[in-house]
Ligand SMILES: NC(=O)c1ccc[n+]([C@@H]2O[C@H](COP(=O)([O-])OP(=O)(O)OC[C@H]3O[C@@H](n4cnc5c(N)ncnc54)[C@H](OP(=O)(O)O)[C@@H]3O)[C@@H](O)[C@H]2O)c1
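Next comes just one chain, in C-alpha cells: the form predicted on its own.
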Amino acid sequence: MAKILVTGGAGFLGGHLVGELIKRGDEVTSYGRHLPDSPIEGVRYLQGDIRDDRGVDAAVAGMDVVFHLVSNFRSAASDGEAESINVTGTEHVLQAALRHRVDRLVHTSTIGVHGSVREVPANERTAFNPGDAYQETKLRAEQRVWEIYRETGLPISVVRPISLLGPGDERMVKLFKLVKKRRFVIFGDGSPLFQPAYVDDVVAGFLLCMEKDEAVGEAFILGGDEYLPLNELVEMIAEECGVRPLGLHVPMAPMQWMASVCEAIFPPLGLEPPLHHRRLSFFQNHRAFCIDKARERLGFEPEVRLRDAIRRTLHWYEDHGWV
C-alpha cells in the first residue's frame, strides 16, 4: 500500500484516478480548491490552493507518490491566473517533491502543447505549437519539470492525455446534448481530425507511469488509438442517440470575425465572450496522435473502443439527466 497524493483529485480525471487507487488499496489524499459533490469513501480530501506553497508542502509531506493534475483548464480566468496555477503551482509541487523525496512524481501536461498538429498522427517528438494561454503555460510547466529532472534526478514521468470523455465529463456534454437535440452546427467543413479517449484507459496509463521504471524521465501520450474527422464523430454520436445529425455547416470566416468582436467587447466588461477563437479551434485544429511509445515502453493498451466510449458516456449522461 502506497501513500499517494493526487492534486486535483476532485476533478473529472482526478476523481477517476483516485477511485482506481482506492480500489488498489492505496492510502489516497486529494488536494485542490474544490471538494467533490460525491466524495469517494476512503479518500482524505484537503482543500487548498496549488498557488499556496505551504499548503502544497504540507500535502506532499509523507507521500510516496504524487500525481499532479491541477490546472485551470481553459477557464474564463485571466492569463495571469493560468500562469500562477499551471506554472507557479507546478513549481510548488516540484519543490515539495524534492524536499520530501517522493519515490515518483507523475506530472499531467496536455496534448495541447502540440497545438494543431502539423503531422498526422503526431507523437511525443512532434514540435510544440501552443495556441493559447492555457497551452503556453502548460508547456512552460512541462519544460520546468524536465529542468528539475535533469538537475536533480527526481523520478518524474509526464503524461499528455488525449481529449477525454466518460462518466462525469462536463467538457463533452454540450456536444452530446446539441447532437441529440439536432442543434449541433459545425463551423467550417468538419474535416479536422479528433481523437477522444475514454477516461478509464487514460487512468490505466497513469498507473503504469507510477509503476514502471521505464516511465521515469519520459513523456507519454495516453488515450485511445482511433481518430476520425469531426463530421464522422458527430455522425457516430447521433447514431448512438438514435437521431440524424443536423448536417448544418457554417463558413468559418464570419465566425472568426464574430469571435474577434466578442473578444473585444466582453472581457473589458468582466464577462466571458459567448464566442471566442479558442472555441473555434475545436472546429479547426487536427488532434490525431500515436500512442505507440506508451505501448512499447509501458505495455499500455486501451481497452474501450471509440463507439463503446461514446455509448457508455451517453448512457451516463442520460441516466443523470445531463442530456
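Counting begins at 1, following the sequence as shown. Note that this is a predicted model, so its numbers are computed, not measured.
What comes next is about the form predicted together with this ligand, which is not displayed.
Review point. Any chance Ile50, Pro161 and Leu164 all have a heavy atom within 4.5 Å of this ligand in the predicted bound form?
Key: Yes.
**Study point:** One residue of Arg54, Arg44, Arg295, His34 in contact with this ligand, assessed in the predicted bound form (non-hydrogen atom, 4.5 angstroms)
**Key:** Comparing distances to this ligand in the predicted bound form, the residue within 4.5 Å is His34.
Point to revise | Heavy atom within 4.5 Å of this ligand in the predicted bound form - the one residue of Arg171, Arg99, Arg125, Arg182 that qualifies | key: Exactly one residue meets the criterion: Arg171.
Review point. Counting only non-hydrogen atoms, which stretch in 228 to 236, 147 to 155, 245 to 253, 109 to 117 is within 4.5 Å of this ligand in the predicted bound form?
Key: Among the candidates, contact is made by 109 to 117.
**Study point:** Touches this ligand in the predicted bound form: Gly11 (any heavy atom, 4.5 Å)
**Key:** Flag for Gly11 set to yes.
Practice item. Find out whether any non-hydrogen atom of Leu69 is located within 4.5 angstroms of this ligand in the predicted bound form, and reply yes or no. Key: Heavy-atom contact with this ligand at 4.5 Å: present for Leu69.
Review point. Do Lys138 and this ligand come within 4.5 Å of each other in the predicted bound form, heavy atoms counted?
Key: Yes, contact at 4.5 Å.
**Study point:** this ligand contact at Leu94 in the predicted bound form, heavy atom, 4.5 Å
**Key:** Leu94: no, not in contact with this ligand in the predicted bound form.
Practice item. Taking this ligand as it sits in the predicted bound form, which residues of 84 to 101 have a non-hydrogen atom within 4.5 Å of it? Please list them. Key: Read in sequence order, the lone residue that approaches this ligand (within 4.5 Å, in the predicted bound form) is Ile85.
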